[in-house]
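Below sits a lone chain in structure tokens, taken as the form predicted alone.
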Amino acid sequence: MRRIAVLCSGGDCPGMNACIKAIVDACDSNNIDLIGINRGYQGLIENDVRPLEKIDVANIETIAGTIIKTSRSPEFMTEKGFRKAIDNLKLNEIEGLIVIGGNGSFRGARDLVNAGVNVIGIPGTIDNDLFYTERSLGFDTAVQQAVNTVTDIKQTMYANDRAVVFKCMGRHCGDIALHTAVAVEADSLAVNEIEYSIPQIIEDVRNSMSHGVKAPVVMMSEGCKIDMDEIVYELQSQLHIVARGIELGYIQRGGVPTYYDRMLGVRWGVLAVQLLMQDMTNLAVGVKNDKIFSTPLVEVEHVLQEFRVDMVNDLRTLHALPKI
């Protein structure tokens, strides 16, 4: 293949720019023309494309977000929008397409595969909810950002003996909340993957306070069915401690990408170009035990989550709580 394209779709994540830079550099080194598709599938529908060269990606690896922008495209899910996207791939003589994104982006990529397009999928989402791979691009940075923010806020909470409930991003996947909770030694954890109730959270916090904790921390995921404000209310009414609820929000999708996300972005970008050069297509790349791999794109949606209950129990052991 001598002419390929790259797009980012769905939510942005730290590491996308590092990945794009690696793709540009790998293409440049192998005399491959690279087209950047702005704003994901919507940009493909509107033929919003441009050549990407080395000068365009100088020093972008340290910046979160994506220089070719991203979006969610309901129009791409319609027959008319999808046909426009296919027509524009042909119009621009694109022989292979690299898609960086999460679940929805991969579904779009599989639709393109079924229409005869040569695609490589790169998992880019802070949610870490593509379960065929141990990590997705952006997850490591999102956890680091959450850990840094919780650590900073804990300092002022300790100055006032206040409890705080933090809500992390992650959609229906509790990985950001779990990893952050372990790193900051949170006093209780509420995620979608584990059945838990407000009375149990209150008892966890009561236990920590009985051991001298003055500013307890509760971590929860946005996919959790428990309401954050209700937790705050019950902490105050039952334990007679001032409490605050804080949604960490988009700080998790910003910031300088960690070494690990930059490394994954580079390795996956190079691998994606190598696969297309060898006419190996319709694959998704991933990582397991620090080794990168590729697997059929059509199979990744069938891989189920293996939630790290062992990490939950490590956290509970810290606070002398029974394992779940």
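When you see a residue number, it is the position in the sequence shown, counting from 1. This is a predicted model, so every value here is computed, not measured.
This next part talks about the form predicted together with ligand F6P, which is not shown.
Heavy atoms within 4.5 Å of ligand F6P in the predicted complex map, among the stretches 105 to 113, 212 to 220, 92 to 100, 119 to 127, onto 119 to 127 alone. Mapping the unseen interface onto this chain, residue 228 falls outside it, with no heavy atom inside 4.5 Å of ligand F6P in the predicted complex.
When contacts are judged by a 4.5 Å heavy atom cut-off, residue 169 counts as touching ligand F6P in the predicted complex. Using a 4.5 Å cutoff between non-hydrogen atoms, residue 72 counts as a contact of ligand F6P in the predicted complex. Put simply, residue 162 is far from ligand F6P in the predicted complex: not one heavy atom of it is within 4.5 Å. Note on the partner interface in the predicted complex: the residue among 84, 154, 253, 135 having a heavy atom within 4.5 angstroms of ligand F6P is 253.
Shown here without ligand F6P, the chain has no residue in 18 to 53 lying with a heavy atom within 4.5 Å of that partner in the predicted complex.
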